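Only one chain comes next, encoded as C-alpha cells, the form predicted alone.
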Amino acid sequence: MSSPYDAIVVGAGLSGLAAARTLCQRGLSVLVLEAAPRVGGRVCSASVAGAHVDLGGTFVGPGQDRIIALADELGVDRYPTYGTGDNAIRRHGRTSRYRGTIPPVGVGNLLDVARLQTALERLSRRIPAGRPWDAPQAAALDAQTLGSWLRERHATAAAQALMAIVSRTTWGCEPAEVSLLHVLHYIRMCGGMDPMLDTEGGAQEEHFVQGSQEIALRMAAELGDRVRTGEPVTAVERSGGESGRGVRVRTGQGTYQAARLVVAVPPALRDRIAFTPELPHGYRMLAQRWTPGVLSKAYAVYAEPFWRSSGLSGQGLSDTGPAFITFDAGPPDSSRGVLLGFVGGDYARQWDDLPPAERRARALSSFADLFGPQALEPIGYTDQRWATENWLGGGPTAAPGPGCVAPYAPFLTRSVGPVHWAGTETADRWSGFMDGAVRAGERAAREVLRGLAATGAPAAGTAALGASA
C-alpha cells in the first residue's frame, strides 16, 4: 500500500492538472493518475513540416479569463487568429467570397438566421448557468432537439444548413442529435452566440504561440513526479459513506489511498472505473447518455500562406465537406501557411473510417474547393480523429441527446462522499472549451479543500489521513 495522499486526481487533461496545481499550491499532497501515455487530454500539439499545429483545443477569446490567466502565469503566449481579407464559401457547387460571420445566403435567409439567433438567445437567458434542470419548462426543452426546434420555427433550408455547421463544430453532432436544453445552456454559458462563434471578439480570436498542450506540459512539469501517465484507474473504493472519509484507488501498477478524489475525465468515461459502493443510478445513467461528439481535424501546411495574396482570410465554409469549416492557423511570423479544417458530425463518421491516403485526398479537395488548386500541394499534412482515441472517445465535448440533460446534468458536479468531479462538461461558464476545463478543475479543488476542512482531516498526507482512508 502506497503512502496516503490528501487528494488523488484521475485524468491529466487541463482540468485535472488545474485541480492538482491548485491543491499543491495550498500545500496538499497530490497524485495525478493518467491513463494515456501523455498529458493534455483533449489538447494535443504536433509539428508538421516546420509548423506548429493544435490537434485538439485551439482557440481562446475574450471572457475566457481562467485559461488566459493560467497561460500567462506559465509563460505561454498568444497571437491573433488571421482574419484579414474575404472569407470563402462553397455552396451549391460554386465558390464565392464574403465578409463577416454570416455568409451571403440571400436577404430572406439572413433575416431568418437573425430571427433564429434572437430566439435562441432569448430562450438561453432563462437557463440558470450551471443548473439547466432548474430552467422553466426544462423537461419540455430537453425533449426537443435543435433540429426539431428549427423545423418547428419553419427555418429556411439555408438557415438550417448554417445551424448544422454550428452544431457540428460546437458539439460534433448533427442538429437532430443534440438536446435543445443543452444548446440553450451552452449559449448561456458563453454569453451569447456571437461570443461563442465569432473570430474577432469571439472564442476563436487567438491561438497559443507554443500550443495549447504546452499549458498542460508546463503544469505537469511543475507537478513533477506527482503525475503518472500510462496508469489507468480501474477501481475506487469509498469508505465512510456520505461523510467522505477517504478512498482507495486501484490501478494495474498499484493501490493508493487518499482523503479525497477528483475524477477529471469526460462523463462517458466515468463508467470505466468500478466504484465500490456502486455510484447511485443517476451517475451511471449520465455516463451512458452523455456520449461525446465526433469532431476531427485536418491540417495542411504550405511553404507560404498563398491565399492571403489573393485577399482571402483562410476562413471558409463548405456545404459538401468533409472539411466544412476552415481557418488560417499559420504561425505569427507567417513562415508557413497552415489551413485547419474541421470534420464533424455525419461527415466525420464517414471520413474517420477511410484509409489515411483517402482522408488526406478528401480534406485537401475541400481546401481546394475554397482556396484553389494550390491547396492540393501541401508540404505537410496531418489529421486527428478524436473518436478513435481510446481514453477520450470523441470530442470536442459531450453531445447529450433529447431527454438526457434535465434528469442527468445534476450528476455532472454533485460529489459522492469524498469523490468530486471535474472536466470541461462540469463547468458553469465556457463549458466545452479549454477555459471551462480550467474553471472546473479549480472548482473541484475548492470542493476538496472545503471537504477536508469539514472532516477535520490534516493536510499534506499525514498518517492520520491513511487511517481515515
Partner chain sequence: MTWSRHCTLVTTATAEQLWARWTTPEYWPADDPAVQWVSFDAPVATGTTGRVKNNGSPAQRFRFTDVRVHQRMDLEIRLPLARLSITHALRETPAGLALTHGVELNGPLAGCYGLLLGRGLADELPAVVRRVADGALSL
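Residue numbers count along the first chain shown, from 1. A quick note: this is a predicted structure, and the numbers were derived from the prediction, not measured.
We do not show the form predicted in complex with the partner chain, though everything after this point is about it.
- Heavy atoms within 4.5 Å of the partner chain in the model of the complex are found in exactly one of 230-238, 166-174, 245-253, 84-92, that being 84-92.
- Comment: the partner chain is not present in this chain, but in the model of the complex one of E205, E121, D352, D369 has a heavy atom within 4.5 Å of it, namely D369.
- Only one of Q384, Q288, T320, Q160 lies close to the partner chain in the model of the complex, with a heavy atom inside 4.5 Å, and it is T320.
- Although the partner is absent from this view, I325 stays clear of the partner chain in the model of the complex, with no non-hydrogen atom inside 4.5 angstroms.
- Using a 4.5 angstroms threshold between heavy atoms, L376 counts as touching the partner chain in the model of the complex.
- The closest heavy atom approach of T101 to the partner chain in the model of the complex falls outside 4.5 Å.
- Using a 4.5 Å cutoff between non-hydrogen atoms, L364 counts as a contact of the partner chain in the model of the complex.
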